[in-house]
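Take a look at the structure tokens below, where one protein chain is shown in two forms, each on its own, as structure 1 and structure 2.
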Structure 1
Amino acid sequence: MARFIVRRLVGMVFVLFVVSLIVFLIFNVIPNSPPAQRLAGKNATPVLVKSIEEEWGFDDSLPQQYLTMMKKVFTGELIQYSPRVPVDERIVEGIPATLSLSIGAAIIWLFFGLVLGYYSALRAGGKLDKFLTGLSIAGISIPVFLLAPVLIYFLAEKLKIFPNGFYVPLTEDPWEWFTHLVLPWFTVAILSIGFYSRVLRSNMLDVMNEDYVRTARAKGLSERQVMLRHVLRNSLIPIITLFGLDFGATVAGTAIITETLFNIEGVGLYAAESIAKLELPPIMGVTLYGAFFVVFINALVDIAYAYLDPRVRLGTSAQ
């Protein structure tokens, strides 16, 4: 296991390097205008542009520019220029809200997805099964920016069941924190519940045909034990990978849209405001931190996977 972790972490460092290179290319190399101009923002004075050019060393060689950029991002020197605020500070401020949103939503979709998936696998072909197929295809087709306005309009504006958006820190008032987040949580989660239940269901139906399930029955285990210890346990393993990817994509992606729609002052809303103003430094910071977070989560997921599936851990192939 230790060897596996070390190998995976070395791989992670390499991916982090590649990702940082991609970010560097996206912001400082690929576009066609002077980089300092772009970083300065729309209404920049020539003086500001000049100072940015020196600060970032845009006359240096590309490798040097890359190092400068990394140094700025990771020492907290990355600054948004109108008004001048360190990007780090804003990102750190937003993290609690973003994580509250993403983790809550993930728990909900995982819980409902797995429970519904489990029962629909036990009764494959039944009504629940059909409903989940529909929910799953709807889930990958409904844009959040349709679902959220509809839910906000009916549940928050008209019926006033839920507060309309905004974030209350957990430390300030746990109950308010909760009520303000319920609607955003479900908005994000609903779309994934159908999908997760379908994946679990189909994994379980595959596993049910495995020889070792027959062995488990032949040992005299009860049907419940067979289902939980053998079928469910083995069906969950591939879900881990999926969950890692989706959780990463929610924190570093979907949250940007959801936070905008619900006015939740997290990292995503900060990014969205910067996008609307076409202001690059915050986007640069959010992208790099977001990508690092995702790469890190993926490594964690692989380690969890190896923990759950001894074949991976011990170096033989997974299938």
Structure 2
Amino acid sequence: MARFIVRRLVGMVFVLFVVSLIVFLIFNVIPNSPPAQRLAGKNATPVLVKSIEEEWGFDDSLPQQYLTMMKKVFTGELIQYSPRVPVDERIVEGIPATLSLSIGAAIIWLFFGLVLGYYSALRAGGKLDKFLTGLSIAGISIPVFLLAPVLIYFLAEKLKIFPNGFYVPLTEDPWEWFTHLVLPWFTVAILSIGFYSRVLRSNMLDVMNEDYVRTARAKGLSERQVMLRHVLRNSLIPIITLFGLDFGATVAGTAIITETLFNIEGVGLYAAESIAKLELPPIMGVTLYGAFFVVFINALVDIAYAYLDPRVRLGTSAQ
């Protein structure tokens, strides 16, 4: 197991190195315009552009420019020039809001997705299964940018059940933190609830036909024990991988849309504002932050998968 973990961590570092190279090429090399002008922003003065050229060493070789960029990223010297604010500070300030949104939504979609998928598999082909299938397909079909305005209009503005967006820190007021995030949570979660329920239903129906399930029934185990201990448990293993991918994508991608729609001051909203203003240093910082989070979460998922299924780590070690 230790060897497997080390290999996954080494692979994570390699992937992050490749991502950083791609970011460097996209922002500093490929565009056919002076990189200092792009970094300075739309309304930059010639003095600021000249200062950035010297600061980033754009007259140096490309390997040296890459090292300069990574030094700025790791030492906190990556600066947003208008206004002049360290990018890492803005990202750190936004992480609590983004994680609150992502973790809450993940708990909701995982819980409801597993519950609906479980009961749908138990009643496969029946009226309940057909009803839950319809709900799942409806949830999968509704995009975030359409669902959010509908929820805001009916539940926040018309009925005034929940506040209309914004973020209140958990340490400041736990109840306000919760009520302000309910609509964003369900906006993100509804899409995945339908998808997870369909995946779990399919997995459970496949596992029900396995020999060890028939053996468990032959031993006299109750149907509830068979379903929970054997069918559900083994059906959850692929869900772990899926959850890791979706959670990382939510933090690094879906949060940008959701935070913008609900005006939640997290990393996603910071990225959206930077894109609108064409401010490259924040975009670079957020891109690397998102890449690190996705790769790190997937490394944890691989480790968890190997822990639950020894065949994975044994197969890797034998290579």
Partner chain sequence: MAFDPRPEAAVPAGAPGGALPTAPEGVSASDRGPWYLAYKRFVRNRVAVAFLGLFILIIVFVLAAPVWATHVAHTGPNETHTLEKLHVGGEIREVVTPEGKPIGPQLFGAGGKFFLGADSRLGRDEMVRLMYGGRTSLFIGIVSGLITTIAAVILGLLAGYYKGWVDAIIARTLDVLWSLPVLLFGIALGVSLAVGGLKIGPLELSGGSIWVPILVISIFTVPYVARPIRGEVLALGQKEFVEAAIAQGAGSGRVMFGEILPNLASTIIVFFALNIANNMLFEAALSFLGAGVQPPNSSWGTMISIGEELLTTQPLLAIIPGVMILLTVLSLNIVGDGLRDALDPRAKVRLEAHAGMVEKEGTAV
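Only the largest set of C-alpha atoms that superpose within 1.5 Å between the two forms is called the rigid core. Just so it is clear, the structure is predicted and the values come from calculations on it, not from any experiment. Numbering for residues begins at 1 and runs along the sequence of structure 1.
Structure 1 derives from the form predicted in complex with its partner chain, whereas structure 2 comes from the other one. A movement of the C-alpha atom of residue 128 reaching 2 angstroms or beyond is seen between structure 1 and structure 2 when the two forms are aligned on their rigid core.
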